[in-house]
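In structure tokens, one chain follows: the form predicted on its own.
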């Protein structure tokens, strides 16, 4: 059974250095590839939003044993976990959208960065609850009044 898990958290460091972000991405991509997990990570102004897709056991293992115990973030909040028929981010062991992409506000519509990262299947079928929520959070980050 395929599931998606969407969570939010807050970095323990107010500003995360690019090298630390790349270290997080590198280890997540390696681990996700080993266990068949795909997904996307957003990082903006000290906040993480991540969606993971894969077999339920693999997702729960990663969430409990790696994400849940990672001391680089706090305020871990599981937004939702649902069964899915298709993966939205099938080509990404861990896609990434960071502050630069969000602050640049380019491209300006949903047909932009994030939508380009969806699988062709996801683009042609109704989006899952988790992916819809992920896109909604992304749009709220882009509209942040603090820019």
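Residue numbers count along the first chain shown, from 1. Keep in mind the model is a prediction, meaning the values are calculated, not measured.
There is also a form predicted together with a small molecule; it is not shown, and the following applies to it.
Chemist: Going by a heavy atom distance of 4.5 Å, is residue 57 a contact of the small molecule in the predicted complex?
Modeler: Result no; residue 57 lies far from the small molecule in the predicted complex.
Chemist: Does any heavy atom of residue 97 come within 4.5 Å of a heavy atom of the small molecule in the predicted complex?
Modeler: Flag for residue 97 set to no.
Chemist: If we define contact as a non-hydrogen atom of the residue within 4.5 angstroms of the partner, is residue 48 a contact of the small molecule in the predicted complex?
Modeler: It does: once the small molecule is placed as it appears in the predicted complex, residue 48 has a heavy atom within 4.5 Å of it.
Chemist: Does at least one non-hydrogen atom of residue 27 fall within 4.5 angstroms of the small molecule in the predicted complex?
Modeler: Yes - in the predicted complex, heavy atoms of residue 27 and the small molecule come within 4.5 Å of each other.
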